[in-house]
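As structure tokens, one chain now follows by itself in the form predicted alone.
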Amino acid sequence: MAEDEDIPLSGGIRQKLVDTKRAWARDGRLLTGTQGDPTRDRLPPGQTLVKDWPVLDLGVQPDVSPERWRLRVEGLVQAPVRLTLPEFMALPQTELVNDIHCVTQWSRYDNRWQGVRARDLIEMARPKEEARFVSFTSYDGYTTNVPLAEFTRDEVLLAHSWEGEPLTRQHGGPVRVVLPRLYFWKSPKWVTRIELLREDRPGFWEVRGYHNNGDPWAEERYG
């Protein structure tokens, strides 16, 4: 990723924040012990509904200009994909409305996104038979992971717009992942690399005490 090394970064990792959230995992903070049912309950256990959209990151916000942004889909694929933003925008576009749920206890209903379906992007790359997992890497160095079957669900999007406007830098623009069925730390901002793997590769929070799956209705906050 040599051409990406000089992407401007603002701030630095807030170690105190990381330590606090690791302590949450150790202590089981926010857990209610309640099992939700997504077919019946719109708000997962322990969540609070908000109207705004809180900004959460590690303290680093990359300044990725539209001209510099690149997306790579690689690993166990037959046809690696490398896209500029104009090439990404030229792909079939989809608009989806869904709810999002953050592990820090807030949820926000009816978010309107525009972008490219994840399954369409993966189909372009033609996964090899042994591909089972996905690892994401963002321009700030953040990583996270999901099963390939989770990433290719109908409602999963690589979004460039929210509520009809381009995603702002603070919310992950130019492009972020949106996996609405899972806690939102599984939906990385500023995504630049999607790697298909045979074996799972836990990401930043997953190796710091957070659950590997992240299902809000099962309260999979920590693991």
Ligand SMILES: Nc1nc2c(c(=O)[nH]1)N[C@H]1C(S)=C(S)[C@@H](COP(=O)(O)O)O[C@H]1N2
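Quantities reported herein were computed from a predicted structural model and do not represent experimental measurements. The numbering used is simple: start at 1 and walk along the sequence shown.
This next part talks about the form predicted together with the ligand, which is not shown.
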Exercise. Considering only heavy atoms, tell me if D57 and the ligand come within 4.5 Å of each other in the model of the complex.
Key: yes
Exercise. Report whether the minimum heavy atom distance between W69 and the ligand in the model of the complex is within 4.5 Å.
Key: no
Quiz prompt | Close approach of H211 to the ligand in the model of the complex, 4.5 Å, heavy atom | solution = no
Practice problem: Consider W106 of the chain shown here, and say whether it contacts the ligand in the model of the complex, taking contact as heavy atoms within 4.5 Å. | Solution: yes
Quiz item: Can you pick the stretch from 194-202, 25-33, 150-158, 47-55 whose heavy atoms fall within 4.5 Å of the ligand in the model of the complex?
Solution: 47-55
Quiz item: Taking the ligand in the model of the complex, which residues of 174-204 have any heavy atom within 4.5 Å of it?
Solution: R176, F184, W185, S187, P188, K189, W190
